[in-house]
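Consider the single chain below, provided in structure tokens and representing the form predicted alone.
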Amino acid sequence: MSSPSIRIEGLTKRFGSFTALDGLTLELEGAKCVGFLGPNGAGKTTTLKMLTDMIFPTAGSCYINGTSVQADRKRALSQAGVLIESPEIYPSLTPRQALEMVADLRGVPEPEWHDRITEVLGEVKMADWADQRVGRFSKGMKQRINIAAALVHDPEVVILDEPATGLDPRGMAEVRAIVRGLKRRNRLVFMSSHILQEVTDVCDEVALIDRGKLLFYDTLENVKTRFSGGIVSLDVGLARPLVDEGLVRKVSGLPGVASCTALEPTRLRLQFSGGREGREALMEGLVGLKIGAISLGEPESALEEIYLKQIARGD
């Protein structure tokens, strides 16, 4: 089985004198989730609309599983599930009825409708509401049905445009959990977002775009290492308050630790240069000091600091 892929080559879009996208080149391959990150107006939705042939590029081309979207739209998009913005569902329909319409449009053989619809409703946690009218649903429930519609023909590539935007915290958490599960079936998920926490929670890799230009594309781990000069921040959670200040100096002496600061009585902030492979040894060293270490991880602000610095360079 070949790996699902998206390839974007020199993609440019101009609206009169305004350049919305400027020579974007990006190649994604494999079952994973790639976050397409950038501030509002960066060119994310414009890119996805050209990738799905909703608008035409000024220059450049897009490929889904090696098929040109511009040259063979039908074949290319037959392999993709797409959710751009938030389409409305007829409120008088049930999810099952709405998905039958989509399955018909997508060319799913009618004998397969029942099994496919049952499967995707289960995937988006909406099986219990399959025969209730959509007009009674919350916005988050409707969005889950929209995601199901993108999956009903079992695509290898899934393209989502800020799927959790506008939802309440519970709805956002539900959609993110669904997106995390999409990778389990050899799917490549390409998801735009301007929310850093969303990308950190669900994505394996991140591409940052600003003002129509790609700033970087890499794994989250490599991005944090690359833009921190090889030194990353790590937080150590403690089971009990640290009472001996001398232990902070001992932690500072562990291999790869450049510095250690007590942020709170039960939390330390380390500057660490040992890389991913050195974290196991670091954790063993922390346990050996018997300071009650119970967790080790990057602070939530790590990607945010990189994001803000990279965006600021364009100002």
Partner chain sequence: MATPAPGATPAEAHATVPDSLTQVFRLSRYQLREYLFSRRFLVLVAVVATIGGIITAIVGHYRGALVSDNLAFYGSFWGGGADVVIVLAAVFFGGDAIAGEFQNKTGYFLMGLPVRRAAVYAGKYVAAFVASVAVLVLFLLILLGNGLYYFGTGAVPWQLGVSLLLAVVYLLAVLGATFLFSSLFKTSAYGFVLTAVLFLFGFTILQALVADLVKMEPWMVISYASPVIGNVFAPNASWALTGTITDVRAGPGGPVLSQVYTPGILEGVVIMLAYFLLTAIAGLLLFEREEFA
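Positions refer to the first chain, counted from 1. The structure presented is a predicted model; accordingly, all values stated were derived computationally and were not measured. Think of the rigid core as the biggest set of C-alphas that the two forms share within 1.5 Å after superposition.
Note that the form predicted together with the partner chain isn't included here; everything after this is about it.
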Legend entry - Listed residue that, although the partner chain is not shown, lies within 4.5 Å of it in the predicted complex (heavy atoms), from R106, R211, R180, K125: R106
Inset, instruction - Tell me, out of I231, I84, A130, I195, which residue has a non-hydrogen atom within 4.5 angstroms of the partner chain in the predicted complex. - result: I84
Inset, instruction - Look up in the predicted complex whether T200 has a non-hydrogen atom within 4.5 angstroms of the partner chain, and give yes or no. - result: no
Inset, instruction - May I ask you to check whether D53 falls inside a 4.5 Å heavy atom distance of the partner chain in the predicted complex? - result: yes
Legend entry - Distance check, Y217 to the partner chain in the predicted complex, heavy atom within 4.5 Å: no
Legend entry - Exercise: R185 in contact with the partner chain in the predicted complex, heavy atom 4.5 Å: yes
Legend entry - in the predicted complex, segment of 234-242, 170-178, 202-210, 145-153 with a heavy atom within 4.5 Å of the partner chain: 145-153
Legend entry - Sequence-ordered residues of 82-98 touching the partner chain in the predicted complex, heavy atom within 4.5 Å: V82, I84, E85, S86, P87, E88, I89, Y90, P91, S92, L93, Q97, A98
Legend entry - I89 C-alpha shift between the shown form and the other one of 2 Å or more, rigid core reference: yes
Inset, instruction - Inspect the rigid-core superposition and answer whether the C-alpha of H153 shifts by 2 angstroms or more between the shown form and the other one. - result: no
Legend entry - Rigid core fit then V108 CA moved by 2 Å or more between the shown form and the other one: no
